[in-house]
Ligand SMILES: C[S@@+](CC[C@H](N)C(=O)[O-])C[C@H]1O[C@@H](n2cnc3c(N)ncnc32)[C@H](O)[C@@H]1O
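Only one chain is included here, represented as structure tokens and corresponding to the form predicted on its own.
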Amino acid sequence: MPHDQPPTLPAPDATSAAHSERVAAFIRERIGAAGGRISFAEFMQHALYAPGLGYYAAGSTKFGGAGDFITAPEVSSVFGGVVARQCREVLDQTGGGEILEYGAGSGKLAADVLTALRRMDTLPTAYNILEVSADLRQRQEVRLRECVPDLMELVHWLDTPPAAVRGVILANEVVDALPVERFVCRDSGVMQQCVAEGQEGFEFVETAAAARLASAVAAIEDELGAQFPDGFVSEICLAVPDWIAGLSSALDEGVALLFDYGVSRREYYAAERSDGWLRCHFRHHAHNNPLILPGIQDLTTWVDFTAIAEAAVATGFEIGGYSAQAQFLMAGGLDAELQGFAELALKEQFELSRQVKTLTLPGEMGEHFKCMALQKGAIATPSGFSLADRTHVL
């Protein structure tokens, strides 16, 4: 893969460029200490999460118009309103309880959910946020103090997952940011794409895949009933089972709602998808070179939701539902969130219509983004999955 910056990308400002160079120096040290190469998963881990340096650990704006990408909560409060309705259904069944959000981003979803639940008179006993980034914690607190100052007593930030949660766990665009390994299938066997320092920057180098990665690729081929062709490139998130196990350990009774862009395994590893699902975002420009702009661009992969489901079942969850975002929103109360639309000013109607289209149209977020419910206990599946459940395709 070339390591030059795509010509369509804007040039980083001087401050961002200097920060990126510090991150690159940090990664070069790790490459040197490892003998000249590191796995792509380790590269991605450092680029995103290196303390005080990584993309999610440093102080640049990530979300919204001033950042690098926009998430569903940033598009419209309608999203958080529908999520709140699902939370209410679960909290009503558990006789109250708490909400735990993994990676709360800008804090927008937390603010919208709390606002809507207060309106519905179904506030949780606590709204806990598990956030690894000190910078994002600060931004979340500022947002929440602005939006729901009288509810701050319910909000707590955690360093580690709690135990025995009764209620709802939310994870919006969390799994896509877990580090992944990249592999290449050759006639001679499975190769692992590692990262080394080249003359002009970081570059991919191939090495024989470690046993765990080779075994995981072979298991996928067995399930699909065919070997990948020579030169097939893709990703696999070996961190998913442990992440789901942590989620399962945290939830005692209730529902975990996962939102992310992704597909089933058969779609993920289709022959025409060679080159994988890794995507990079810098100032609202998407591209496919993860080795440039370390620390100042987002690195993500689409999610293999079959892997999520397998890990969930293995750790004691039931799969409550799996749906495209558009169907989830429409089944989960979008119409109720749009009551009063006719009374809005024409300009407000136009803006709200634009937001809903972004959330629901197939070419926007409506089809690419999926929602999954993982359940424990005698809990009825939330209504958001009643319209078009796709669990059978996993």
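Throughout, we count residues from 1 along the sequence that is shown. As the structure is a computational prediction, the values presented were derived from the model and not from experiment.
What comes next is about the form predicted together with the ligand, which does not appear here.
Partner contact region in the model of the complex: 128-136, out of 268-276, 249-257, 128-136, 114-122, criterion any non-hydrogen atom within 4.5 Å of the ligand. Here is the short version: of M191, L178, A307, L144, the single residue with a heavy atom within 4.5 Å of the ligand in the model of the complex is L178.
Residue-level contacts in the model of the complex: of G103, G81, G320, G97, one residue has a heavy atom within 4.5 Å of the ligand, and it is G103.
Shown alone here, Y49 lies within 4.5 Å of the ligand in the model of the complex, counting heavy atoms only. A residue is said to contact a partner when one of its heavy atoms sits within 4.5 Å of a partner heavy atom; E235 fails this definition for the ligand in the model of the complex, lying far away.
The ligand in the model of the complex is not approached by W157, whose heavy atoms all lie more than 4.5 angstroms from it. Residue contact check for N172: one or more of its heavy atoms lie within 4.5 Å of the ligand in the model of the complex. In the model of the complex, just one residue of 242-271 lies within 4.5 Å of the ligand by at least one heavy atom: W243.
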